[in-house]
Structure formats: C-alpha cells, structure tokens
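Form predicted alone, single chain, as structure tokens, below.
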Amino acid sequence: MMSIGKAVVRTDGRAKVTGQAIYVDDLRPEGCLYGATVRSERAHARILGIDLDPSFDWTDITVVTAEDIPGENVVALMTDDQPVLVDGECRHVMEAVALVAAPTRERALQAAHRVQVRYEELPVLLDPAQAENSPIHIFGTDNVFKRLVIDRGTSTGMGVVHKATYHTSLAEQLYIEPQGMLAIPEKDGSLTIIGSLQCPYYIHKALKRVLGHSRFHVVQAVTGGGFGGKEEFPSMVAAHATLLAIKSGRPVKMIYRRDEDLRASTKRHPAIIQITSECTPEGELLSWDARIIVDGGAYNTLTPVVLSRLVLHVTGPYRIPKVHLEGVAVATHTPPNGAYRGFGAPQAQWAVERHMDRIARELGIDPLELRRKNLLKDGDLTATGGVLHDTAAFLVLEEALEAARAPLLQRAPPPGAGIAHWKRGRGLALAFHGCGFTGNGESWLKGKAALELVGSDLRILTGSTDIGQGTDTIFPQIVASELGIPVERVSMAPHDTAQVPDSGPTVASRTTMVVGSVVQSCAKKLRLALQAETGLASNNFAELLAARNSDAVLKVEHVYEPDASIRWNDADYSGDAYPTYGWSANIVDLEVDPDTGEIRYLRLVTATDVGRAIHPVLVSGQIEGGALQALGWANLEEVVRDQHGCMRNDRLTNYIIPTSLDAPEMVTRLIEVPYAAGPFGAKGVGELPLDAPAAAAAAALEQALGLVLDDLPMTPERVLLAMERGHAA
C-alpha cells in the first residue's frame, strides 16, 4: 500500500488539536521545584563576587554557582568557549551567572532578584563592523571565530561593474512554546531530562561533559516549534535544570518566560554583505566578488557553520565563471547568535537577489530576463566547482510565472483606504538551497536509525525529532510504503536517548532526505531479515509475516552510507558542497501606503522543487509557514538593543511577527524533480522557503514606490525615511 504522495492523517494532530498533547510544562512530578537564572547585567565585566541578600529568607531556596559544577564548566558544541555559568568574566548581558530553585516559580524569581552580583566593568565591543580589527580581544589573539575564502578567479576588467553593500538584521525564531526543561533525579542515582528540544543527542553529549558521567537519558517532550532556536540553546537550559536537580535532590523544572526567552536565547546572525559584480552590457555575469561579515556574538555556538553556508550561497542560483568569496565571523559582547531556519542562506540570498535587481536597474534590463539569462542548469559548476544535477531552476521559475497570471483574490480594503493612495507592486526572487550537511558532514556523523517488528506491527527508532514539521508522520509513511502495509501499523518510539540511536541533529533540511533514507533502508533490511528467517524469497511483507514462526521482537539497524559519487575537499572547500539542491521561485504582490509606510501583502506565489512530496499537505505547510516567516523578517521583525546589547522589545506586543491576519493569499506549487538518494526521491525542504520572499518583497516595494531598500527589516519607519531621503530607483 503506497502512502507516498498522500495526505495521511497527521500522527500528532488529534492530541494537539484536542489539547491532550503533553508539553514539558504540563509535567509536574512530586516535589518539583522551579528554577530561575541569575543573569549578568553587564555586557563585559569581571565578576568580583556573588552575594545572597541577607534580608531575604533563603530557607527553601537552592542556589547553584560555577563552583557546584561536578564536571567541566562548558557547553560542548563546536568549541569549548561558552561556560554553563560565568566563572570570572562575563562576555555579554544576560549571561548566566547563578541559578536558584524554589517550590514555586514566583518564589524562584524573587530569589533570583535577591542574588547580588558585584562587577568590575571592562571595555565593551558591540559593533561587528569594528570587531575584526578591534584592540579588544574577546578570545585568543583576535575577535575572529572563522575566516573562509573561496577563490575561483577574479574580475576580468572587461565588463560593467556593479557594487553595493547589503545588511540583514537579527531575528528571533519565536517558537510558540518558550524554552523549557525538566530534570528528575532517579532512585538509582541516574537522571531523566525531559524538554522542548530539537536534538536530544546534542544535550546528551553536552551533559556528559558537565556531569562527568553518562548516567542519564534525554527525552523529547512534545515540542512547540524550534526553527533552529531549540537546536543548541536547550543544552544550556538542560545543564541548568540538571545542576539544580543534583544539588536539591528533587525534580527541577525551568520554563522561560517570554521576555527572558527573547533576551537570552540565540538569534539569526546579522550580516554585512558587500558584492562587486561584473557582467556584459547584455547582463551575462562574468565575475562575482563578495565579502561578508557575520556577527557571532560573544561565543562561537554554531557560527562557523552558519558562515560556511552563507558563503556557499552568496552567488545564488546563477552561473558565474569567476568568483571570489570571503567570509569572516567576528565576536562581539552581545548574546551569542546561533541556528535559525535557513542557517545563513537567507542572509546570502537577500543580498544576491537585491544585487541582481541592482544590475537590472543599472543596465536597463528586465529583472526577469536577467535571471533567465544567468540561471544554473544541469552540468554547470557551483562556486566550489561541484557539478549540478537534478536542477530545477527553470522549472520553478516558469511554474511561478504561470501561477502569477491568475487575478488576485478580492479582499477587503485596508483601514484608511479611502484616504491613502495605496501603491501596488510585484517582485520576483529566486533561490537555491543545499540540502543536508555541508561537504562530508553526513559521512562524519554516520546517522543511525532502527526498526522493530513487534507482533505484526512496526516501530521506528530514531533520534530525529518532530518539532511541528511532521517527522513522526512522514517516517511511518516511508516504512509503510516500502513494505506495502497500512501506515497505521507503523509507529514511532519516543525520542529518548535510552531507546533510540543517534540519527544526527534535526537540522539542515536533512531529516526527511537523509534520515528518511536511512529509515527506508531499515525497512528493506527488515524484509531481508524476514526472508532469511522464513526461507521465503517473497518480497510480500504480509506473506513473510504469515510464515514467521516466532513472537520474538525482530530489530534491524542501518547507518548512513556515503554517496560515493560525491567529492568534497574540506581543506580547500572544493567539490560537491551538498549532495543536491532545492530550488524556489517566489512572486510577491503587495501594496504600500506612502503616507505611513505600511506594507500589506496581497499574494505570495511559490514554486518549490521538493524532489518528491512524501506528504503534500505537510510539505505545503512547511513552505507557507516558512515563507510567512520570511515576510515577517522583511518588514516587521526588528530586534532593538540598548547600550548594553540587551534586547529591549522583549514582548510579543513590541517584537512584531505576522499573524494569520497578515498572511496574504498563498499559491503554493510543488515541483518534483526526484533526488535518487532521497526516500522515494524526496529532497530537503525545511529551510528553502525562507530564502527568497524578503527579496521579492523588496523588489515589489521598489516597483510600487521607486524605492531601493537594501537593508532589513523594511519597517514603515525605514520606508518613510527612504522616501524623505529620496532613495528612488
């Protein structure tokens, strides 16, 4: 029974709709305490002492400082630079200095405010543009986390030169459920950690270092969204809850309030991207030089990988014979930035698409025809010299253009429409996105999955989590379709490190494409195991099951197998940076009020290459949700920081995101160009939807008002300021 391509009932749908789903804050073990974090009020300072206010009653309060950490004071990730708790010098405002736990959340918060930290102020560096060559050294000998250069030629000196600088801003993932963890000491001396998270094995690896042992397991609770914000940061929250649980001997739950979540957690990396291009008078690209500065914040987190993907996508989906790309990730005394859906590619392709519009404007060429002239196709080389296959750039473009020919839906006019003269515009932007880890990442990781036959039903064991994207529905579809059985007979094991293998993190548009392929291989292995056990050569799973003379659980496991056709040299960044790419075309129709600068989106047309749609409804939801996030990034979302680098607009009343009322008509076309190594041809699609809509909105705004805006976000205030300054095309 083939369920691929069908909208089967979502596994977690009923529980979430009826309110029966159990999130971490719904768990209330007996004797549970509530944790709170004491955070630095300085961007850069030496901690001289931590005192407890003697006028406060501390009798039922547990206090933890760096001295209480039994293992290493480090949040293990890419490097060992970020402490669990400050021990000596704080490097950003909101850095964790101490922890408290109390019988109620209110009392814990009161106690946290009564912990008094004494500081010695140190020089502060907040501006990433000044960080690279600043005399203030955050670590080592300079302020640079990573440098990366890709050189495949420089300017020919024979074409038309276009040069500009583009800026992208901080952005908050804004998952519905704030960060939360529960740590439970067990009677046998072990620990159970349950939380809202993307990557259980990230937390497991981090806690082994903090605790100095591995007598614990990590369990994913139902998770209310992640978008990268629950990739690495939950390791910090888990460590804090666990330290409090160890010292108190009782379960401890840490649930962030929204204001703390916004101020303390990681954000999308802001970037400064300078592009110098050279092309013929007819618009054929000849060379492309890009220099990128990324603000990593005070600690490394995942910044080098974000920089890598940003550099690899800063040529966009275009054929360019000569490219010179340089990226530098710098440190500042601001809260660390980390994973956010897209992982550097949205920043890169904002700059690329705005630059393509600049070239078209300065040459007097139709922006659409300029893109058509330079689009990548099969056999072309990427910036790293990789050869492209399964390329769908032209397909998605033509499909989007065809869909955009339909008339706009009639909607109620916006408030004030009778007074303001709303101007309409249409913009186009294209994108490609490397699916999976960069280079040899999957080969190094060796992600695993397992499949169990229990009676006549199957259970999938994988560390890949469902954070709303539908993994727990899609994996059973893959197994059921491979074995020809009803999808209802396949279930998922809890995402518990005590039960499931390490499938790698739930990131990088890899879950369905990479781990789904491993799961499919498990199904094939199970069929072979049944054939060996029964002595039958049949491929029919029902026949094999009927012939089996055992009730024992049959378990198979599979490890990711590298694609021998992929060639990558990590030393010089050459070859196939990704096994395949997804492709997308976006067309935005909007209207803008020239009196207020308010933008109103009318329609978003997307045509997206998904390889093969395992579950068309879930895939469409991924695309539409991601695209709406991108439109919010385009003109609504702005992180405002004070002189200490602390986020000031830390409420949903002043950090504005689009709601359903702001969502335009969405026309979503799925293009299927199968990827041979993906399960039933599926490619990764989780991040691609964020790459192009912001640039399409900027192009539409340019058509509507003649304004050229190259910095994000394009808030009403910035639109009005640009009009006042005459930034016209």
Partner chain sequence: MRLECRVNNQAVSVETAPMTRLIDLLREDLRLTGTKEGCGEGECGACTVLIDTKPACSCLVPAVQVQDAHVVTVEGLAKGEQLAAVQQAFLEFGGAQCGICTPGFLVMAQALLNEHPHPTREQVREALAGNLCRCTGYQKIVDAVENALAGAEHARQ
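Numbering follows the first chain given and starts at 1. Note that this is a predicted model, so its numbers are computed, not measured.
Below: the form predicted together with the partner chain, not depicted.
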| query | finding |
| --- | --- |
| One residue of H389, K247, R372, R411 in contact with the partner chain, assessed in the model of the complex (non-hydrogen atom, 4.5 angstroms) | R411 |
| In the model of the complex, the one of A98, L211, V222, V305 near the partner chain [non-hydrogen atom within 4.5 angstroms] | V222 |
| Contact segment among 81 to 89, 187 to 195, 282 to 290, 620 to 628, judged by heavy atoms lying within 4.5 Å of the partner chain in the model of the complex | 620 to 628 |
| Contact test in the model of the complex: P505 vs the partner chain, heavy atoms, 4.5 Å | no |
| Exercise: R651 in contact with the partner chain in the model of the complex, heavy atom 4.5 Å | yes |
| Residue contact check: D609 to the partner chain in the model of the complex, 4.5 Å heavy atom | no |
| The partner chain contact in the model of the complex: D60, any heavy atom under 4.5 Å | no |
| Those residues of 244 to 261 which, in the model of the complex, come within 4.5 Å of the partner chain by heavy atom | R258 |
